[in-house]
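Presented below, as structure tokens, is a lone chain in the form predicted on its own.
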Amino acid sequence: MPVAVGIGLTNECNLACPHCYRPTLTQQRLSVPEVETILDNLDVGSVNLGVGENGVHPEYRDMLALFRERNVKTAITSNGYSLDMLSDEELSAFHSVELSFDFPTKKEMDEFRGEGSWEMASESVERCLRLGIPTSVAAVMMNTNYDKIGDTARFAFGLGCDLRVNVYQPVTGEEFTLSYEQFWRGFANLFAAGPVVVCSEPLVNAVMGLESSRGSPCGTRSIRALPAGTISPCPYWPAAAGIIPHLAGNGRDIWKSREFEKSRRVPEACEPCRFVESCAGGCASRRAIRNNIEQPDEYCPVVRGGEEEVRRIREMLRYTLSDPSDVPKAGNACTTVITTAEAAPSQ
């Protein structure tokens, strides 16, 4: 079965955003032979470039040429830097592009990400749309912006883009971690802004009653190759499952590794739950980061207050559905995509 592969070519970046999870103590870069090993030994359905700002890698353009030669469906998440250096022809080879905006205004964005970050990302959005490339805005939902996520969605729609949202993971610290109430209020704010294209955040998917997936995609339908040359179920996963050279000749064995098996494990306490088939314990990486892989997701309403709490959350999550779209990132992360109401079918 083809899988979604997330690849981080480098941990380097032109910015130093305070919520970033990339390691920064040493320079890490994948080589062209390592990327070839991934393509040769995994059934690659799509590739998304993330982690650091991939354009900082000195062989970035060679890597993109390799993906084109192999006819690999390729997407990228960028602050704009990795797009600015490409010709129109190179840029147009991407299946889709995402530009990072965590706030709906220039002032907030530049204060958080650095002076000029808003303009750089905005110019890239305009260029991509002009070239006819499917373009989205990507945001991380944090305790500093969950109450503005609806405004960020409307900003994205004004540009002609969908919005994709990931929940902040406390890989490097708790400063931006959402509380339980902020998590669910954030999704309520998000769904109030526009129809849902896809939702692979396990708890939300389950409580909404979509049951479109089982647990997180990580470790089941997706795999990550990180700049250190390691393989992992998810970029947030706290331990490596192996190294890229180990894929040679036996790439399928990585799915049987201890870390991948852990990522698919359902906590015993979740087994009787009526949501277990779609939730599977919630986000495995969030549980692993907490060293609580055997415990339910910290945002679980069933654990928090049983059926009464589930009803409260469901009442909060007023949503409509859009036609499903080809969203490469949805296959390799716990993520949610919403679209403009004008683009959605009537419900």
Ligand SMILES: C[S@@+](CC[C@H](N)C(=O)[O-])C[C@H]1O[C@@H](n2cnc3c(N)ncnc32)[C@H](O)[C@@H]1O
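The structure presented is a predicted model; accordingly, all values stated were derived computationally and were not measured. In case it trips you up, residue 1 is the first one in the sequence shown, and so on.
One more form of this protein, predicted in complex with the ligand, exists but is not displayed; see below.
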Proximity to the ligand in the model of the complex, single hit among V140, C270, A188, V196 (heavy atom within 4.5 Å):
V140
Pick from T135, S257, N79, Q182: which has a non-hydrogen atom within 4.5 Å of the ligand in the model of the complex?
N79
Only one of 279-287, 315-323, 24-32, 51-59 has heavy atoms within 4.5 Å of the ligand in the model of the complex; I'd like to know which.
51-59
The ligand contact at R221 in the model of the complex, heavy atom, 4.5 Å
no
K262: touches the ligand in the model of the complex, heavy atom cutoff 4.5 angstroms:
no
Using a 4.5 angstroms cut-off on non-hydrogen atoms, would V167 count as touching the ligand in the model of the complex?
yes
May I ask you to state whether S96 is within 4.5 Å of the ligand in the model of the complex, using heavy atom distances?
no
Residues in 1-37 that come within 4.5 Å of the ligand in the model of the complex by at least one heavy atom, in order, are C13, H19, C20, Y21
